[in-house]
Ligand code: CTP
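As a starting point, one isolated chain is supplied in structure tokens, in the form predicted alone.
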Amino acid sequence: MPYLPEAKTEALKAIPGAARLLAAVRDRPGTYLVGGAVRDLMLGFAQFDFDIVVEGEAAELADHLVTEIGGRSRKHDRFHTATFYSEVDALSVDIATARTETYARPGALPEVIPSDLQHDLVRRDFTVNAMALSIWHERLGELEEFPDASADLAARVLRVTHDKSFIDDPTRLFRLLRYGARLGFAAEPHTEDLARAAVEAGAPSTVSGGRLGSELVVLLAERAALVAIDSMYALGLDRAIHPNFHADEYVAARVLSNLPDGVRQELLLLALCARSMDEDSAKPWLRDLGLNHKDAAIVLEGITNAELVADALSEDGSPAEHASVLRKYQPETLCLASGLPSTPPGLASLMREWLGDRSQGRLEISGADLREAGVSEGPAIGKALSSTLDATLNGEVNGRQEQLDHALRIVREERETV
């Protein structure tokens, strides 16, 4: 049985919270770090989410962690999963019972049957996520994997574990693009063929709007979102989401250039891709995606108003006149308006400068600070920065430390609502 190199094991122990977690499970046989956590550890990433599979009950292990470490847990009995969170080191752990999964129909939520680790690896999306690392004391560092998983990781390719993967769970199409963008990996040819066939067969339409919306928002929040948008267009996934949803790489590149702090990238890009919709079709579509009222309103304003902002401005106007117009709109709308080909360059620069002035000197933290504090890539970072900027502008928080505390509190609240 192969073992993780000693340097990687030491790197694992150095991650905030990892030493306490390893100490808590040292006498718990059948406990494994799995999936993206093992992948990212082997790739040398300095932080990642702790995902654990246990050959036993996830809820029981979560209770054990609360006893050993402190903190709190939530159980999800239907799927035999649990989450554990401790304020110390902001340690967050997702725990799942080793299982097999069956699908009553394409796109349905899986029926979960407790099983062993080998069956659990088979049911995963891509081989590079089908690796498990023993984390109890007697077998610490021992690796188990789906066939050729480590070879695929070394080759930087994404390969499904079985041919019905995208049909059973079409949300894996979004994950294919997300991992490709984030990691710089490419789909191996057969997997790409299967993805195209699933899109052409209408597989995305079998998924509930809420699940599709969650995957789409996470995809558009990626730092490499421009790559994801290009891949979405190439695969035809944008048109499969909605006939009037168009992944426009050209405008996306313009709006993402020097994106001001406090702008919700995922909402900006959602409005950009949906800007061909009218209000009557966009409203129910956003509702079906499961966006909350505030986020849906931001996207809808971008869809319906971005084309109008430039018409309300004059390059010869005074700063006060410009501010009276620009403050009416959400920053996401102004970012989108500034990137539209129809917006005169002078007015586009004016909007950008105003947005920069809005955040300049107000936010003393960035997404990099949140990632350094252990926050994973995703929409939580944008939400936290946006909320912190609003709180700063309202005089509710002051200074770097208060901003960081506020942002991390928003992230914790987001985790607790999931």
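All residue numbers refer to positions in the sequence shown, first residue = 1. Keep in mind that this is a model prediction, so the values were computed, not measured.
Another form, the form predicted together with cytidine-5'-triphosphate (CTP), is not on view; read the next lines as being about it.
Chemist: Contact with cytidine-5'-triphosphate (CTP) in the predicted bound form for D169, defined as at least one heavy atom pair within 4.5 Å: yes or no?
Modeler: Yes, contact at 4.5 Å.
Chemist: Using the partner position in the predicted bound form, report whether D261 sits within 4.5 Å of cytidine-5'-triphosphate (CTP), counting heavy atoms only.
Modeler: No, D261 sits far enough from cytidine-5'-triphosphate (CTP) in the predicted bound form that none of its heavy atoms falls within 4.5 Å.
Chemist: Indicate whether cytidine-5'-triphosphate (CTP) has at least one heavy atom within 4.5 Å of a heavy atom of R275 in the predicted bound form.
Modeler: Close contact is absent here: in the predicted bound form, R275 is far from cytidine-5'-triphosphate (CTP), nothing within 4.5 Å, heavy atoms only.
Chemist: Would you check, heavy atoms only and a 4.5 Å threshold, whether Y179 touches cytidine-5'-triphosphate (CTP) in the predicted bound form?
Modeler: Contact with cytidine-5'-triphosphate (CTP), yes.
Chemist: Could you work out which of E57, E68, D369, D51 is the residue within 4.5 angstroms of cytidine-5'-triphosphate (CTP) in the predicted bound form, going by heavy atoms?
Modeler: Selected option: D51.
Chemist: Of the options N129, S338, Q265, T97, which one has a non-hydrogen atom that comes within 4.5 Å of cytidine-5'-triphosphate (CTP) in the predicted bound form?
Modeler: None of the other options qualify; the answer is N129.
Chemist: Taking 4.5 angstroms as the heavy atom distance cut-off, pick the stretch from 58-66, 39-47, 347-355, 386-394 that is near cytidine-5'-triphosphate (CTP) in the predicted bound form.
Modeler: Only one stretch qualifies here: 39-47.
Chemist: With the partner left out here, which residues of 96-128 have a non-hydrogen atom within 4.5 Å of cytidine-5'-triphosphate (CTP) in the predicted bound form?
Modeler: In sequence order, R123, R124, D125 come within 4.5 Å of the partner.
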